[in-house]
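In the form predicted on its own, a lone chain appears below as structure tokens.
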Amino acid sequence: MNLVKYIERLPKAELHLHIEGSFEPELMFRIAERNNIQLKFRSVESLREAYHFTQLQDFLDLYYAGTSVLIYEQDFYDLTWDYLIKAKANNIVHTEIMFDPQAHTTRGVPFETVIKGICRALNDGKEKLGISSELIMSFLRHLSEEDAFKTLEESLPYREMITAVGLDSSERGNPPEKFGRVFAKAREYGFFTVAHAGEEGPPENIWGALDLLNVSRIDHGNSSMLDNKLIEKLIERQIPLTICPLSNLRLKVVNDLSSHPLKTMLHKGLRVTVNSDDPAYFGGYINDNFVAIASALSLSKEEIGQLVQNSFHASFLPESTRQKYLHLLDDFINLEIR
């Protein structure tokens, strides 16, 4: 079996996926038309052309503009279901989806509308597609601590639907310590915590996420390679890094994938994983990311298998379900070896 087929058939977990970042232009136009919203782009093609950007802020501007068409529960259902169909095609058996409630509540869309639409689709994904899932509520770090606290309070009636809280959006100028008290309160309520750090920010942001936010894993974490003590800490605590190769390439975190640190990270003993981040905007879902990075770094089947295994270990799955998926993965790998 060639490497591409091997990647396609591997059962996988995805841990770094922004549901709003899976908003394909075709679906965006359909929902906009349904809600009588006029997009500034005249066609799907012109919108897709706008997806070519080279820095995080340009992407975020377009990302937030796209969310403007999401108004009703069915919109959030359709957005999530569209991703789940693609997840099934990519042989994802477990996904941990991030959503940005503040991107919607600041527009007057009720928190309830957002989460009910997403969770109804996730429930259907489990029942109809066999994909298990967890939901991560991300705070927008360019907004205030006060606004994050408000969002946390809004989430409490839906506590059982949400596994973890996270931190995303513009890293520059918005260090982890800005949200230390919010994350402490979230942990009191029983949420796991994750945070974007070390994508466009220095290693100090990763230290802050570990020491101040007490995160279970780091989203991105590329700049950890600049700090040997940090590397040692991440290895010692086996803190996972949710790496997103095509996102890193598109946003110029790396100049080309052949210089990506993922393989070095893996061989140093860091618990690195491969994910798609915002696949509609960055040019590929999880299989595309695996194929691209495997080709650029000449990854072996054993290395690819380790990356997938890391994802299950890094997930928030109950241990019994984690072991079920790890056995499924082992069975596939052992069959391939034979």
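Since the structure is predicted, the reported quantities are computational estimates derived from the model, not experimental observations. From 1 onward, residues are counted along the sequence shown.
There is another form of the same protein, the form predicted in complex with adenine; it is not shown, and what comes next is about it.
Contact with adenine, judged by heavy atoms within 4.5 Å in the predicted complex, is confined among 37-45, 24-32, 304-312, 57-65 to 57-65. Taken together, the three residues Ile92, Glu96 and Ser133 lack any non-hydrogen atom within 4.5 angstroms of adenine in the predicted complex. Adenine is not shown here, and in the predicted complex it never comes within 4.5 Å of any heavy atom of Thr242. Adenine in the predicted complex is approached by His196, whose closest heavy atom lies within 4.5 angstroms of it. In the predicted complex, at least one heavy atom of Leu251 sits within 4.5 Å of adenine.
Although the partner is absent here, Arg217 sits far enough away that none of its heavy atoms falls within 4.5 Å of adenine in the predicted complex. Interface residue among Thr163, Asn222, Ser169, Thr80 relative to adenine in the predicted complex, by the heavy atom within 4.5 Å criterion: Ser169. Residues Asp277, Asp278 are the members of 264-285 with a non-hydrogen atom no more than 4.5 angstroms from adenine in the predicted complex.
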